[in-house]
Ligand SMILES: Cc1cc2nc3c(=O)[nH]c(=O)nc-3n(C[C@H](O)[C@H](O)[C@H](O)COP(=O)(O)OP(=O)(O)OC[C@H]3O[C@@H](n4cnc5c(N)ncnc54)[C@H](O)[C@@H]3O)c2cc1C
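The chain below stands alone and is given in structure tokens; this is the form predicted on its own.
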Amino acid sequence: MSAPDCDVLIVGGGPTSVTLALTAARHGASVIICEKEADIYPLPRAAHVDHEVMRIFQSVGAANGVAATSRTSAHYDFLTADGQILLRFDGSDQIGPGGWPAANMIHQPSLERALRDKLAEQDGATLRSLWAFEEFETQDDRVTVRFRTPDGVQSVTAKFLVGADGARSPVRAAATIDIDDLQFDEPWLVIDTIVHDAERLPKVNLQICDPARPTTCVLMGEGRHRWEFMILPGETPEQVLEDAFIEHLLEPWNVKGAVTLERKAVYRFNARVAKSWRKGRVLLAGDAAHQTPPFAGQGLCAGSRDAANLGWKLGLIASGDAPASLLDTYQMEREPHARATIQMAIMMGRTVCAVDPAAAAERDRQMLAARAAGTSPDGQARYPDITAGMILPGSAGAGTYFPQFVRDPSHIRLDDLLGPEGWLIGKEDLPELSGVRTVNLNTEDLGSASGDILDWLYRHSADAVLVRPDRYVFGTGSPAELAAAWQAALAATSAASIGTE
């Protein structure tokens, strides 16, 4: 039998798919993306990516292109109907551990264009547009996938199939994977505008917790602004989409002439998680694996994190440096984080979406009292570390996120200095590992970043650290111990191998 057409076949051409394709290809996998549409969807959808996701885009060469059209906001406020602060997430415009601003308000078509431009330059990765998924069949060593194309039905064979094809995911349906519904379902009207007079618009992101009409008002990418209005009982999608209705909703914001309407849409904000993210040779990523309400701004972020986690593992497998069963660590590492971000979004949504005046008044009383007492959960959102999977349990820092330090005075970010591989960082006697770069702090020219890394090692009482390609810490210890543990962890996964090596 001939070899498969590629190592990884991805259905769907959105940002999760392209980020995954770029990551997997940079780590040694051959990738084909099949997308049913002719081009990028031209209107805004996602509004936000965080510092960690900007670092993921940096890893595939697209961060500067994304940043060129992004904006930052100093904080994210939840307000009462009369403007009192219920909850504040601040520091959004400060540099986060990923080396980029903590919150970046984006224009999704521009973001996708930056990613696709890099895809066009990437060896080993190909995009096929107007290819609509129909069905797949799994054999011992491959998946055969059939598509409807302008030239008729076409087939592609791959070692692995990834469904990154959205919330309705035909791949998920074909794989008969069930969904865990987390019981959040609210209809909202989304209004995107082009800005003509930015001075008349809010400079920070807002949730207006008004029981008469819960409302979101947020910055978008450069030159754009968004409002979201909860659809109230008795209102229909057809009614709220009328221009006169939208004009009435915007009247209190006094923005007539300052903005023009670019897009209007009705969405149902849901919270769902696929019960299995891997079924043999078939995997799910992005909205196919999980859906979140938008209040925490983590929808596109979660898909990008999936891509970063899955991409290096697929590359390692394709290069013969890991068994296919390494993929068993994908869901166990990513699902707790995805569920935590969804629960945060649900908490925010339930705070915002109270429409009973008495319940809203009691919410306001409790949250204002908590702020006055200094017990309000303000600050930046915190999400869980990796606690199981491809890590060294029991070692200090295992499963935590390794910061991206910057070398002064050149301001070069650490990842640009050290490259896309994993890193074994220490001061001496660093053993060679396949797919892992050794970084000797005694000889490597890292400038001020070297001191930052030494401080990190000191805080963790460690001689060395092994950082995975997705920048989560595998573990700490002596260099020899880490090298042995890394090789043992890869070998341990082979017990469940599906035989594709």
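Please read all numbers here as calculations on a predicted model, not as lab measurements. Sequential numbering from 1, following the sequence displayed.
Although not depicted, the form predicted in complex with this ligand is the subject of the following passage.
Heavy atoms within 4.5 Å of this ligand in the predicted bound form are found in one stretch of 251 to 259, 392 to 400, 363 to 371, 292 to 300, which is 292 to 300. Remark: S17 counts among the residues lining this ligand in the predicted bound form, judged by a heavy atom distance of 4.5 Å or less. In the predicted bound form, this ligand lies within 4.5 Å of some heavy atom of R45. Of the heavy atoms in E333, none are within 4.5 Å of this ligand in the predicted bound form. Taking the partner from the other structure, this ligand in the predicted bound form has a heavy atom within 4.5 Å of a heavy atom of F269.
Annotated contacts: E37, W131 and E228 all touch this ligand in the predicted bound form [non-hydrogen atom within 4.5 angstroms]. Contact with this ligand in the predicted bound form, judged by any heavy atom within 4.5 Å, is made by just one of S325, Q108, T157, T80: Q108. Taking G426, G286, P214, G315 one by one, only a single residue has any non-hydrogen atom within 4.5 Å of this ligand in the predicted bound form, and it is G286. Contacts between stretch 402 to 435 and this ligand, counted in the predicted bound form as any heavy atom lying within 4.5 Å, involve no residue at all.
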